[in-house]
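Just one chain follows, in the form predicted alone, and it is written as structure tokens.
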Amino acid sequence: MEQKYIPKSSIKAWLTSIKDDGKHIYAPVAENGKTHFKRVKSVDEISMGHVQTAQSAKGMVFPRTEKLFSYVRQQGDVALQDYDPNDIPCSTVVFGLHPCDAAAFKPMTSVFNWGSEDKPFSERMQRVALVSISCSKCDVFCFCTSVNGHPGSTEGSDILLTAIGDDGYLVEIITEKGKALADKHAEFFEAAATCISKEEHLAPVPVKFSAGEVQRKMAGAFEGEIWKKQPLRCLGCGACAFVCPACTCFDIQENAKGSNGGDRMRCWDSCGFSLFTLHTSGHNPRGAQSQRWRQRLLHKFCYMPERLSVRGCTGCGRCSRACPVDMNLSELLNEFELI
């Protein structure tokens, strides 16, 4: 890992230079009291004062709706046209995401490339560079340190910036993508002082539970009453899944164009929806919201660690912020330690 330093006054010039190279830049933009990742036309649009964006950055590689292929019926036959990689931007830089968002790209990759490679996902991953910013502040919903994360973690990032005082950032160059991005615009960087330590500049995120203990207790409580008690307030609205940086549930939809053909679409979905497991016969193996809540937590905290050696939660806290009935995930997970 290589370290450099960039003055705060050079950040916008660096990003402008990247944009002038033809790369798309997605970054946090504040609108109507919330901050979202958007493609910016000018670096002056970028907001950096938030604790967390309302949505994660996963849409850069896992769009809400994506065409997988098209088909055309011709004289009794069907002609298929595979997805066109030219529809994917040649190069995108996602700037300003926090370490909890960057860390989520690993579990997403594990899911989409489990057994066989998901070509649209992998193509997008190859074309995206992640320039993250360490967390200098947190709120009551943050719990990255409880799931083996850290407000200054480099996991998943190509470059990580950490604000050192008011004047500049420590730059940690982690991957070859990050090195290429820094070397291409080397004039904006300086040598990092050997005495710089980022730890004292990071947000104090307290550990709220033991992820290992929660996994152990959760795995042994499949028929426990806790699953019926916790989701009593749950509306099944799916807000938690749609804001989560690591959720990968999707549905396949048909965008038919009359009888001549159509498109096969992949769309975001949620295992918390009653329709997610509904069979054509009308039978639903997860007919109760408590069963859907159990599946969501077991998948993230037991099944994924067991099968893929990754956890499906990075402690960003978005699910708790977005929940309309105030279900705080870290508090609910802490209940498993008390079993």
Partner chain sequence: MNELKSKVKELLGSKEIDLFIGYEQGTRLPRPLLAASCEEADRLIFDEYCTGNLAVYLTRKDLVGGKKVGIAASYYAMRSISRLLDENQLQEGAVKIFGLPPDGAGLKVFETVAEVKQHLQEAPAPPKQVEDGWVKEIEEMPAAERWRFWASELSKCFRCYACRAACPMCYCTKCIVEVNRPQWVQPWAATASNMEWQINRVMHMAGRCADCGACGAACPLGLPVHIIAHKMVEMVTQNFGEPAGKGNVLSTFSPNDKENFIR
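Positions refer to the first chain, counted from 1. Everything numeric in this text was worked out from a predicted model, so none of it was measured.
Beyond the structure shown, there is the form predicted in complex with its partner chain, which is absent from this document and is the topic of what follows.
S.K.: Report yes if all three of Thr65, Gly238 and Cys267 come within 4.5 Å of its partner chain in the model of the complex by some heavy atom, otherwise no.
M.R.: Yes: Thr65, Gly238 and Cys267 each sit within 4.5 Å of its partner chain in the model of the complex.
S.K.: Only one of Asn255, Asn148, Gln126, Ser136 gets a heavy atom within 4.5 Å of its partner chain in the model of the complex. Which one?
M.R.: Of Asn255, Asn148, Gln126, Ser136, the residue with a heavy atom within 4.5 Å of its partner chain in the model of the complex is Asn255.
S.K.: Would you mind picking the one in Tyr83, Phe121, Phe188, Phe141 that has a heavy atom within 4.5 Å of its partner chain in the model of the complex?
M.R.: So the residue touching its partner chain in the model of the complex, by this definition, is Phe141.
S.K.: Verify the contact flag for Leu308: yes if a non-hydrogen atom of it lies within 4.5 Å of a non-hydrogen atom of its partner chain in the model of the complex, no if not.
M.R.: It does not: once its partner chain is placed as it appears in the model of the complex, Leu308 has no heavy atom within 4.5 Å of it.
S.K.: Glu331: heavy atom within 4.5 Å of its partner chain in the model of the complex?
M.R.: Residue-level check for Glu331: yes, a contact with its partner chain.
S.K.: With the partner left out of view, is Pro324 within 4.5 angstroms of its partner chain in the model of the complex by any non-hydrogen atom?
M.R.: Looking in the model of the complex, residue contacts with its partner chain include Pro324, since a heavy atom lies within 4.5 Å.
S.K.: Contact between Lys229 and its partner chain in the model of the complex at 4.5 Å, heavy atoms?
M.R.: Answer yes; at least one heavy atom of Lys229 falls within 4.5 Å of its partner chain in the model of the complex.
S.K.: Only one of 295-303, 40-48, 309-317, 272-280 gets a heavy atom within 4.5 Å of its partner chain in the model of the complex; which is it?
M.R.: Only one stretch qualifies here: 272-280.
S.K.: Just to make sure I understand: among 36-63, which residues lie within 4.5 Å of its partner chain in the model of the complex, judging by heavy atoms?
M.R.: Contacting residues: His36, Ala54, Gln55.
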